[in-house]
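Heads up, the chain below is alone and in the form predicted alone; it's given as C-alpha cells.
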Amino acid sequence: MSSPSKAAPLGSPQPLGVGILGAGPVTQAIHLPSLARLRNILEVRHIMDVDAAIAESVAARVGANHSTSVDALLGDPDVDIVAICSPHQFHADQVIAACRAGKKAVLCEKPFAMSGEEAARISTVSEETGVPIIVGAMHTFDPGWLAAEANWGDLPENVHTIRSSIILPPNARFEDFASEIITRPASGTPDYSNVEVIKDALRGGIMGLAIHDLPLVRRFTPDFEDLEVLQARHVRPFGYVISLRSGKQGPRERIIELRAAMNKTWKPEWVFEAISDDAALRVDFTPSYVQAGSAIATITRRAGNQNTGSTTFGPFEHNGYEGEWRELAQLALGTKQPPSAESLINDLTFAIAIADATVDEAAAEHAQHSNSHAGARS
C-alpha cells in the first residue's frame, strides 16, 4: 500500500496499522472499503481468519499479512488497532486479549459481549490497560446523527415516542448476522408452532438487527429500569413488531416502537424517529452493507398548532462506517476521550433487557394461545 504524500490530518505522521480478526462479509463489504478511503491515516496490515484461503485472499487485496491465529495477529508489532469481526461468542475474550496485547485501540462489532458479566470483565481490563474500546454501532458515528444530536435541544427530556423502522429486501447476510445469536434450523421451513423457534427468532432479531439502533433509543431513555413490553410479535420470515413502555414511574412516559420486516417490498428503508409535543426528529439512514453516504436528519418544531419550521442536516461526505474508523484513529492517537465503560455496558444491558422481556412476552402469549385452542378442542 502506498505511503501518504502528506502528514495525516489526525496528528499521526504515518498511518496507524490495522489488524482485523475475521474476514467475512462485514470486513469485506464494510470495513475494507471504509479503510480504503482513509489510507492516509489507517492502513490494513494483518488479516486473520480461521479459513486460511479466505485470510490469504482478503489480505492480498490490501497487501497485508495474513494468518489463521489470533495470537499471530495480536503479536504483530505492525498492528496498532484491532478490529474484531468474528462470530459474537468470541467477542469478549478477543477484546480482552487485544487490550492485554498492548494495542492502542479496539473496535468490536456488536454485540461486544453476550452478557452483563462479560461486559463487566471487558470494562475492568480496559480500565486496567488503558486501551480504549468502541462498539461498531455505526449509526452513532454517522455525521447526520451527530449533527441532529448537536441541534435537538431539549428533545430527549420531552420525547414521548421513539421509533426504529427497518424494511429490507431478502438478504442472507442479514439473516446470518442475526442468527449467529441463535441456532437456525439446518434446512426446511421453521416450525412456527414451536415457541422456541419464535423466541429464538425474536432474540436474534433484537441482538442482530435492532441493536443497530438501540444505542440511539437509549439516548432518549437513559433510565430503563421499568421497561415494560406492550406487544411482541415475530414477523415471518424475518422481522418483528415490538412495543415497549419506559418511564412509567418517572416524570415522563415513553413509548418505544421497534419494527423490522425483510420481504420483497421495495424500497429499503431505515428510519429513526423521536417525537415530543413540540418537536420531532427523523433520521433516514442508508442501508447497511452499502457504502451510500451519510444519514439525513430533519428536526421539525411547532408552537401551538403551527409548524415553526424544519431544519435538515446532511447528506455529509462520509457515513457511519467511516465515522467509527475516524473516531478509532483519534482514540488511538489520544486526541479524543473514549466512551465511558458505563455507557457501553448500559447499551448492552438495554439490548439484553429488551430481548429478555420480549422473549418472555412472546412465550406467555404463545402459551395463552395454545391453551385457548386446547380449551376449544376439549
Ligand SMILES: NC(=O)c1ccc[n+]([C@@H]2O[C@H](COP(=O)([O-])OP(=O)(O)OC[C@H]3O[C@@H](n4cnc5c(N)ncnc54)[C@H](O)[C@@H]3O)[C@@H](O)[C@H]2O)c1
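Everything numeric here is computed off the predicted structure, so don't read it as measured data. Throughout, we count residues from 1 along the sequence that is shown.
If you look for the form predicted in complex with the named molecule, you will not find it shown, but the lines that follow are about it.
Proximity of residue 362 to the named molecule in the predicted bound form: non-hydrogen atoms within 4.5 Å are absent; the residue sits far from the partner.
Mapping the unseen interface onto this chain, residue 102 falls outside it, with no heavy atom inside 4.5 Å of the named molecule in the predicted bound form. Though the partner is left out of this view, residue 49 does reach within 4.5 Å of the named molecule in the predicted bound form, counting heavy atoms only. Within 4.5 Å of some heavy atom of the named molecule in the predicted bound form lies at least one heavy atom of residue 94. Partner contact region in the predicted bound form: 84-92, out of 302-310, 253-261, 239-247, 84-92, criterion any non-hydrogen atom within 4.5 Å of the named molecule. By the 4.5 Å heavy atom rule, the three marked residues 134, 210 and 350 all fail to count as contacting the named molecule in the predicted bound form. The contact with the named molecule in the predicted bound form, taken as any heavy atom within 4.5 Å, belongs to 30 out of 30, 62, 333, 341. This chain lacks the partner; the member of 274, 138, 202, 119 within 4.5 angstroms of the named molecule in the predicted bound form by a non-hydrogen atom is 138. In sequence order, 109, 110, 111 are the residues of 100-115 having a heavy atom within 4.5 Å of the named molecule in the predicted bound form; the partner itself is omitted from this view.
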